[in-house]
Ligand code: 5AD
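First comes one chain, alone, set out as structure tokens in the form predicted alone.
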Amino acid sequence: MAYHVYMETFGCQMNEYDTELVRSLLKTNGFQMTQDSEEAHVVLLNTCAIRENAHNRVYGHLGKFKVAKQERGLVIGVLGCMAQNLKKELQETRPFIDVLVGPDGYRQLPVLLTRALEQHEKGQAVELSEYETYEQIVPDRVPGVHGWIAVMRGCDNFCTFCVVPYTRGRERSREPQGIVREAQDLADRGYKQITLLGQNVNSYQADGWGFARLIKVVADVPGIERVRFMSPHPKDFPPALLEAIADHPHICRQIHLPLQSGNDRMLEMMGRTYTRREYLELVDVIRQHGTIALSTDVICGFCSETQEEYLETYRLLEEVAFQSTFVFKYSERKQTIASRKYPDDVSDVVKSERVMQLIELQKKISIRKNQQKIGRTVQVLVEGHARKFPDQWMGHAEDNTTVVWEKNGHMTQPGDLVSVLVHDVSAGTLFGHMAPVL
């Protein structure tokens, strides 16, 4: 009998990539994937442990599937970072979970599920590995335009607020030849854009290759039009990578450069290993290489953050004028250094106020920057139909801004690179029409 598996994914692009690995492993071992949870014998939730909201969403879904388990004997598995970081809590508070598998244990999943289905045996694989990179496993991808490739796993930075080193282990880089083969496979399947993933891609090191060499070789793969990467760390941004971004026509001139705070005391408490001045100096160096769009992450309300310290972050965002900023309330995570050393003493009300103020600031900056594009032509990778308007196409410009434009009978297909003349904007979207071909 072929067992049907329904799977949901929460969190970051790395989790999306891991879900592709899990689907591949399950299919190779005779399982069938389904989009209908009602016909599934197994439900798997691939989880994120970065923020409280992600936890709450998973708990809500577990409650829903608990009922299905009682009614028809559904097997429930929790995968990923929550399984790794909260295994004891999940076992004690959600005893109906049958299988717990951390990010390094996916190879064991087919056997654990078979035992749960046929012998009603609970199981787990939550050991961290120093070596697992899932080399030789071809991800089971959904057809599309954009594919992810994990070039490394784990993290050695140990930022005090972050749980990743405890859920994904220490840094280890994949062999470059395997990454390039995977990029070629994506190109052969019609994918046009690749994002190279790692907790800190700057640290990539394998067989004498650094990340700058790797990304250039991936960008040289025939058929690949755009290459992006997530995410670098400001502490060790290699000049060779900036040169590659500036010079290679297929590497997007866009960098996501996490900040977290604009105050030196906060940065030191967070374990970020750079100062406000050093971050701004890096921004200056980046901008010496021409027009490169910058985005960032910011945490509001980290332990003991004062109003003046928060305002330093506000002023830094004003000064740098990022294309976009992802703003989060500090959320204490179990096992992190911050949870052991610092009290989470900024009220939720204050955190929320600061988040909203930064969001409003970034909205004004983004609108101002996007307005400068009105009347200009941008190159867009077509991704599909606009969600709200089927008579429009949607894609992204090189700086990763969303672009929407009228179809107007043009023979355009997902994966095409087209020129769009911008005539209107919002904070997050450019609106336009196909530029005439001269």
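All of these numbers come straight from a predicted model, not from anything done at the bench. One rule holds for the numbers: they count along the sequence shown, beginning at 1.
We do not show the form predicted together with this ligand, though everything after this point is about it.
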Assert contact_stretch over 371-379, 22-30, 59-67, 46-54 against this ligand in the predicted bound form, heavy atom within 4.5 Å, equals 46-54
Although the partner isn't part of this model, could you tell me whether H248 comes within 4.5 Å of this ligand in the predicted bound form, counting any heavy atom of the residue? no
Considering only heavy atoms, tell me if R174 and this ligand come within 4.5 Å of each other in the predicted bound form. no
- request: Answer with yes or no whether R333 is in contact with this ligand in the predicted bound form, where contact means some heavy atom within 4.5 Å.
  value: yes
Quiz prompt | Proximity of F328 to this ligand in the predicted bound form, heavy atoms at 4.5 Å | solution = yes
If we test each of P258, G210, G144, P110 for a heavy atom within 4.5 Å of this ligand in the predicted bound form, the one that passes is P258
None of I299, V75, I149, L79 but one has a heavy atom within 4.5 Å of this ligand in the predicted bound form; the exception is I299
Checked 183-213 against this ligand in the predicted bound form; residues with a heavy atom within 4.5 Å, sequence order, are none
